[in-house]
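As C-alpha cells, one chain now follows by itself in the form predicted alone.
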C-alpha cells in the first residue's frame, strides 16, 4: 500500500462492532496486510484512563460539556500517538468509534450544538477523516437487549434513557445520509456471519481503489 487506510465503525449500542472488527482484522491479516485495531475512547495510556471515567456508572450525572471534552482529549491523544503514525507508515487503521460518535452521542443524543462539536472535533483530530465509516445499525431496543446479556459490561451510556439512544441512532442515520460517499449503512440486526459479508464487501470496495 502506498498510503494508509483509516476505517471506523460506528453505531448504536449492541450493534456488534467488537465482533465485526475482530473478524475484519483477522481477514485482512490473513491477506498479509498490516492492521492496527484501536478503540475510542482508549488506545493510549491517557485514553484508557479517560475511558474508565466516562463509562463508570458511578460518574452519573456528568456535565455534558465535560463528557464531550473528555472524549475529545482522549481522541487527540489517539490521533497523535497512534493513528497518524500508523497511517504515515502505510498501515490499515481500524477504529471502534471516532469523531462521528461525538456528533451522534453528545450532539444528537445530549443536545449540544453540532457546529461547536464539529469545530472541536477538527481541532482534536487535526482534520483527520476516515476513508470509510461502517454504520452497524439496528433498533435500539434490540441493541440494548444484547447489551443486557453481559451485565459486567453495562456502562453509563447503556443506562441512559431509551429516548437518548433513539436520538443517537437517528443522529447516526442523519450523518450517514449527509455523507454517502464515506458511510456504508449495514443492517446489524442480522446474524454476525451475514453482517461480516457486508462489512468485507464494503472494505473490499475501498481497498480496490487505493
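Note that this is a predicted model, so its numbers are computed, not measured. Positions refer to the first chain, counted from 1.
The protein also exists as the form predicted in complex with a small molecule; that form is not presented, and the subsequent description refers to it.
Put simply, residue 102 is close to the small molecule in the model of the complex: some heavy atom of it is within 4.5 Å. In the model of the complex, none of the heavy atoms of residue 46 sits within 4.5 Å of a heavy atom of the small molecule. Residue contact with the small molecule in the model of the complex: residue 96 places a heavy atom within 4.5 Å of it.
Although the partner is absent here, residue 157 lies within 4.5 Å of the small molecule in the model of the complex, judged by heavy atoms. This chain is displayed without the small molecule, yet in the model of the complex the stretch 68 to 76 from 125 to 133, 68 to 76, 84 to 92, 111 to 119 comes within 4.5 Å of it by heavy atoms.
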